[in-house]
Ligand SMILES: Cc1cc2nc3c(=O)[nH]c(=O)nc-3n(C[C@H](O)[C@H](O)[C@H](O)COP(=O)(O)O)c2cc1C
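Shown next as structure tokens: one chain only, the form predicted alone.
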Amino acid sequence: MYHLIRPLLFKMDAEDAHEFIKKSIASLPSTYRFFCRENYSKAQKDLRFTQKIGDLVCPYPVGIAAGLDKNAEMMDFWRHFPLGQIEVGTVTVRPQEGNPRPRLFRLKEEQSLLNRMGFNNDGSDIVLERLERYRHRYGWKSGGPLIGVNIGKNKETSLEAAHREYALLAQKFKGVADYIAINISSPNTSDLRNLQSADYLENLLEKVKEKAEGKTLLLKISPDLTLQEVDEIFSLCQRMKVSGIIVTNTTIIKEVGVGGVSGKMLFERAKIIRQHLLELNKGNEQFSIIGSGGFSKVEEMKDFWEKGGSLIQLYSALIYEGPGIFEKIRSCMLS
């Protein structure tokens, strides 16, 4: 179905197309939802596919990366697919318009995206309300997709005060999320990536842990770090009892333009960081390496899992292939 409408969508501005899809989802035929639900039901019952994220059991090793449903508007829709996780956000304390449009661009030949969104979102109050409705409807059913909330600071908040907003968001969402993902690696908020340095990160993690009160915490890092910086972050996460690292956010490619690049153009750069962390983490079942950034082929995913990786999060591959990619992955995994 998606391949029939994709040519039309790709003639539209990329962000307009995304908004169109969101608004159209509510009118999908119930029969289509039924068949998707059946596929998900089969997938979640296959114990071979389960993954651990800290103390959480993820029923399936493929999920949705932050950014695709940042305001938690498509939660009911995602439940009908074989998914182990849905990550909403990035959410900030206050609503935020983000950077000026246009700010999302397709790099079609490379099957990649360039975005300079800038944490545009409806704000924590509205997103929390939507997630509360979702939990009221479905509860905390065992075996269902994990719900993550990806959190960030508002644009005008200084780096020195950022820890307060991250801590407040962790406290706010701990009652509706299975885990909290700390986003300090987007290239589209000025100086945000500086929070990855030891000068800020230890204090930020300490404050977030205090307010999260035992909630599973993940840290999302940049692919543009040096391996020495990755080593330092990994050691700090171990010491602070963070449950895992999401590897990686988007990358900066100056020749392409201002913003962060995702999709196939990101894959090799992100893979270097992933491979390094997988080696550092070898044999440690209490800490999870979550793969994000450029995955599009099942062979790439299998390689990641064989080396000790946990959940894989998709974004750009969904834009280019549509939700049918989930069933394609499931079929390949069963073969």
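Numbers for residues come from their place in the sequence shown, where the first is 1. Quantities reported herein were computed from a predicted structural model and do not represent experimental measurements.
Below, we refer to the form predicted together with this ligand, which is not included among the displayed structures.
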| property | result |
| --- | --- |
| 4.5 Å heavy atom contact, Tyr315 to this ligand in the model of the complex | yes |
| Residue contact check: Leu104 to this ligand in the model of the complex, 4.5 Å heavy atom | yes |
| Heavy atom of Gly263 within 4.5 Å of this ligand in the model of the complex | yes |
| Residue contact check: Lys70 to this ligand in the model of the complex, 4.5 Å heavy atom | yes |
| Option touching this ligand, based on a heavy atom within 4.5 Å in the model of the complex, out of Ser222, Asn115, Thr92, Gln85 | Asn115 |
| Sole residue of Asn183, Gln196, Thr189, Gln96 within 4.5 Å of this ligand in the model of the complex, by heavy atom | Asn183 |
| Interface stretch in the model of the complex with this ligand - options 166-174, 247-255, 153-161, 75-83, non-hydrogen atom within 4.5 Å | 247-255 |
